[in-house]
Ligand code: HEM
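First comes one chain, alone, set out as C-alpha cells in the form predicted on its own.
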Amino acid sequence: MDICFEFERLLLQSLGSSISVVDEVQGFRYFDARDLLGFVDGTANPNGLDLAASTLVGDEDGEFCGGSYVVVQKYLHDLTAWQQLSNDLQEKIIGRTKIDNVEIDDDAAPQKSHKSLATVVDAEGVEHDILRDNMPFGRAGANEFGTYFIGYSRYLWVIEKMLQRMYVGEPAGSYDRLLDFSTPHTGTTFFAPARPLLQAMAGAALK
C-alpha cells in the first residue's frame, strides 16, 4: 500500500489542477484471489497469447491499435443478506462451487448464473473474453463491503453485451441474481491508448 500511495501522490502532484478526484477506493487482495462474497474471482481470464487478443485493439481500428477499453464499476455488497443464503444457493447464483472453484452446468436452468450471463458469444458462436482485474475493498467498522470491477476489452461492445445480459437477462427478465445482493454505485468507461498514440497526442499539443 505504501508504494501505491506514493504513486498516487506523485501522479496527482504532476497532474495538478488539471484533474479533480471524485472517488478514491483502496482495494486489496483477499485470500486466494477471492472476492468478499467468498468465491474465486477472475477464473475465466484469458492468458498467454489470448490475453493480448482479448484486450488490445487490433488492425480493425488502426489509429487506436494497441489500446484497450476499460470499464470500471464500484459495487457494494449486502453481506448480511448474502450470508443468510445456503452455500448451495450461493453456488447456483455464481455458477461455481465455493470451495474448489468448479464450474456448475446451468445450461438447462431457466435462470442462468452470473458465470453464464457474463459469458459473451457472438452470432458465429465465438466466445469473446475480457480481462477482469477486480479488487475487493471494504471497511468492516463502517459495514462497507464491495468489489471494484475493472474490465479490459479489445471491443467495447463485448462488455456492453455482458452488462446487458446481467441487468436485463437472457431471456429478458432472467437477470443476474447476484444483483439482488450487489449494487453498482459508479460506472465509467475509459479508453487507454497505447504509447505511440500518447506520444503523437503529446507532440501535437506541443506544436
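Values in this document were obtained by computation on a predicted structure and should not be read as measured data. Counting begins at 1, following the sequence as shown.
As for the form predicted in complex with protoporphyrin IX containing FE, it is not shown, yet the points below apply to it.
Asks: If the criterion is a non-hydrogen atom within 4.5 angstroms, does every one of Asp50, Glu124 and Arg154 touch protoporphyrin IX containing FE in the model of the complex?
Replies: Contact check failed for every one of Asp50, Glu124 and Arg154.
Asks: Scan Tyr175, Phe39, Phe64, Phe145 and let me know which has any heavy atom within 4.5 Å of protoporphyrin IX containing FE in the model of the complex.
Replies: Comparing distances to protoporphyrin IX containing FE in the model of the complex, the residue within 4.5 Å is Phe39.
Asks: Using 4.5 Å between non-hydrogen atoms, is Leu56 touching protoporphyrin IX containing FE in the model of the complex?
Replies: Although protoporphyrin IX containing FE is absent here, Leu56 would stay clear of it in the model of the complex, with no heavy atoms inside 4.5 Å.
Asks: Is Val70 close enough to protoporphyrin IX containing FE in the model of the complex to count, meaning some heavy atom within 4.5 Å?
Replies: Answer no; every heavy atom of Val70 is more than 4.5 Å from protoporphyrin IX containing FE in the model of the complex.
Asks: Taking protoporphyrin IX containing FE as it sits in the model of the complex, is Thr119 in contact with it (heavy atom to heavy atom, 4.5 Å or less)?
Replies: Looking in the model of the complex, residue contacts with protoporphyrin IX containing FE include Thr119, since a heavy atom lies within 4.5 Å.
Asks: Decide whether Ala44 counts as a contact residue for protoporphyrin IX containing FE in the model of the complex under a heavy atom distance cut-off of 4.5 Å.
Replies: Contact with protoporphyrin IX containing FE, yes.
Asks: Check each residue of 109-145 against protoporphyrin IX containing FE in the model of the complex and list those with a heavy atom within 4.5 Å, in sequence order.
Replies: Result: His114, Lys115, Ala118, Thr119, Glu127, Ile130, Arg132, Asn134.
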